[in-house]
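Taking the form predicted on its own, here's one chain by itself in structure tokens.
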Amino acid sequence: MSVPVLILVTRPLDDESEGSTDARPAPFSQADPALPHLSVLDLGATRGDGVFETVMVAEGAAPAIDAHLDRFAASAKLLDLPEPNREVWRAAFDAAVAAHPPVELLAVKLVLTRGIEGQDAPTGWILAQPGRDFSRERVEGVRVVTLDRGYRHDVAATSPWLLQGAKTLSYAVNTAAIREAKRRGAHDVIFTSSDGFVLEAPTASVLLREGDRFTTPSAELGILPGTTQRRAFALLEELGYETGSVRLRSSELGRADALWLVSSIRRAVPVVELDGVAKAVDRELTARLNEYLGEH
């Protein structure tokens, strides 16, 4: 079993005003993941006050790294965190990938917290470890229930302090939703708004098919813009299908010809049951999507 690779990002921010680069320490360094590094006073640990991204690396290649770095910066901005130094984070990411023994699928997590309260010094690190094998879910699919997230569809515009659309470290609600799904005999969740719009899954984007048209909920609804969903759309457009990011009513989930949950590590997982009702599965297209997402 391979040991995770930990990179401490000691200069995680855009800090060009801090003087001569010759006098600064290296912006990142590899560290022993078995040793303690994070203070118990860090706001990322005590309040979940921080952001993260998980990047898939397949056979050494990270096809969506730029999109993940874009979303990482966008999440930091929503939390009023200083802007991450993109060049440093990209170099640290490359160092983590290079340091890890070759594996078929590597999951690389980038984390930026607000740091220790009152010190005005954010904490950053990258952890690379083998990704979980979701090959069974890609073939057999998942049973899904819909759950009301408790917000209107326009909450990102009316209440930006709720941080909808940011990938934050505070995942308690998402994990609670997964536990509720399991209590109902399902594997996963599709969140809906209190006024009846489709949102997202706790750790995935939602993809619907109606005939030759594929849609996903629009990011304007306060959901994460899906990096994997965008790559899935790229393939579908190559195949001649129509795609779109739109507002979808909850009732459209039941009418859809097929549904998928798509994410970086899981790739495209078909929904075989929605709220206790069986859904059709296009196994050929699912296999095509997963082959493409693993290579591109």
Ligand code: PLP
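Start at 1 and count along the sequence shown; that's the residue number. Fair warning: this is a prediction, and the values are worked out from it, not measured in the lab.
The discussion below concerns the form predicted in complex with the ligand, not included here.
None of 239-247, 26-34, 40-48, 64-72 except one has non-hydrogen atoms within 4.5 angstroms of the ligand in the model of the complex; the exception is 64-72. Residue contact with the ligand in the model of the complex: Gly124 places no heavy atom within 4.5 Å of it.
In the model of the complex, none of the heavy atoms of Gly131 sits within 4.5 Å of a heavy atom of the ligand. A residue is said to contact a partner when one of its heavy atoms sits within 4.5 Å of a partner heavy atom; Gly226 meets this definition for the ligand in the model of the complex. A residue is said to contact a partner when one of its heavy atoms sits within 4.5 Å of a partner heavy atom; Thr203 meets this definition for the ligand in the model of the complex.
Interface residue among His187, Arg209, His100, Lys167, judged by heavy atoms within 4.5 Å of the ligand in the model of the complex: Lys167.
Contact with the ligand in the model of the complex, judged by any heavy atom within 4.5 Å, is made by just one of Gln119, Asn174, Ser159, Ser194: Asn174.
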